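To begin, one chain is listed below as structure tokens, in the form predicted alone.
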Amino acid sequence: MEVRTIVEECLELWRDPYPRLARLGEEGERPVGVFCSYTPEEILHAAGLTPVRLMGAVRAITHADAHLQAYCCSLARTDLDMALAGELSFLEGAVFVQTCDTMMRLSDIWRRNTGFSYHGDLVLPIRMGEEVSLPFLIEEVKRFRRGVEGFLGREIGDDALEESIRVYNRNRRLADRLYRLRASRPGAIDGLSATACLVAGFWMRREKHNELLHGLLEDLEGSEPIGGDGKLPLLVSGSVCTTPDLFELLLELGADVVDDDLCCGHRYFDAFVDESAPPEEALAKRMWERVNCPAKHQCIEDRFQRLVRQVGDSGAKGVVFYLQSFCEPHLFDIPYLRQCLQEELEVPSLVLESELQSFSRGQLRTRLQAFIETISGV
């Protein structure tokens, strides 16, 4: 399949994954919704389930406001709205990783008001990356595995889990290769296309996504860049980009995303699971030592230093912080990160907030255009 065809199919999936998800059952798959990059997807995969990422949708809220306050993030509100409207009936259930306040409450509301067969919770320690929290996380992963086994009515073999770990590690290596290719060969693939090909994997079996990425990389690495360099390089930081609009607009305005700090992007495939260690311990340790989500306690200076490395390595001339409105964990970090970027690197930044139920591409374009013109000195 040609690169352009692969990218177009991935973009279509990113714009609206739900028709595709609704057909998974007909193909013999058993989809389970996940909301968070901390979900130990390998356990679901080894159980014969297919984890699929729920990232909300651009829609008006009709049901969820009876259960969630208007100041909760639109990801939680629109996902709950779809579940209450019966639009996620193709799922066997969902997994809730207890990161922020909204996700913790959403789990209880989801459990009480929807009728899915399976409901999984994973509780993370507040402080990740410290010796005291790792034993707790290992026990949580074991408890999560037992919960999935209880739902299935059978055990998940260690052999199956170890094979799933290998499949997911291969996926991380391929994703890392794709990102490195984008950085090392400007014009080979733009930020929109690379991110679309990564995000599309959230809605398909991981083996299939590995085949897709492998084929894409073989073609890209054997071909000449087709242009696209000369655009203003930018880095995007934040949580989830539910739609490709931000990346599309940047390309239209003469900029390109050369790296990201998104939980649907670089943070998703950061770090590998140790294939030589006991599986639950290895899964927990990867979560524990990977780059943190701002919802978990982390020294903010460490987060800034990582952002500095990414900006330096990618050559980004500016940073766009793209957040869901009312996402407090990210908003708490923004003032410090922006100040340090400006004072220590003289790298300007822009903060954009978005609500899926009132999404405006026009407003987004205006803000981005002004930011790009400021950097470019137009």
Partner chain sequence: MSEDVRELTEEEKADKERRKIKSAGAMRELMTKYYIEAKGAEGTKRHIAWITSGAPVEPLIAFDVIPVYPENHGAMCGAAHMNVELCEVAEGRGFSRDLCSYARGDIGSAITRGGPIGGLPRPTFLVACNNICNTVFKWYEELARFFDVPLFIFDTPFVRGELPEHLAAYSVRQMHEYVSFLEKMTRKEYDDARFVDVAAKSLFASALWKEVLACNEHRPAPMTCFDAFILMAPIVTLRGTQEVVDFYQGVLEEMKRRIEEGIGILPSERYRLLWDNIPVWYEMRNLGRLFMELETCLVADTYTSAWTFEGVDAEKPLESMARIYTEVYLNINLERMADKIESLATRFGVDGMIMHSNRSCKPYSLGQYDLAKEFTRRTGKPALIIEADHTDSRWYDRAQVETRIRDFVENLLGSGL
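Positions refer to the first chain, counted from 1. It should be emphasised that the depicted structure is a prediction, and the values quoted were computed from it without experimental measurement.
What comes next is about the form predicted together with its partner chain, which does not appear here.
At the 4.5 Å threshold, heavy atoms of H67 reach its partner chain in the predicted complex. In the predicted complex, its partner chain sits within 4.5 Å of a heavy atom belonging to L331. P125 belongs to the set of residues with a heavy atom inside 4.5 Å of its partner chain in the predicted complex. In the predicted complex, at least one heavy atom of R112 sits within 4.5 Å of its partner chain. In summary, among the residues D158, E224, D101, E218, the only one with a non-hydrogen atom within 4.5 Å of its partner chain in the predicted complex is D101. With the partner omitted from this view, the residue of R105, R206, R173, R290 that lies near its partner chain in the predicted complex is R105 [heavy atom within 4.5 Å]. Residues placing heavy atoms within 4.5 Å of its partner chain in the predicted complex fall in a single listed stretch, namely 68-76, out of 276-284, 147-155, 68-76, 256-264. If you check its partner chain in the predicted complex, you find a heavy atom from every one of D121, V132 and A295 within 4.5 Å. Taking its partner chain as it sits in the predicted complex, the stretch 136-154 comes within 4.5 angstroms of it through a non-hydrogen atom at F136, E139, E140, R143.
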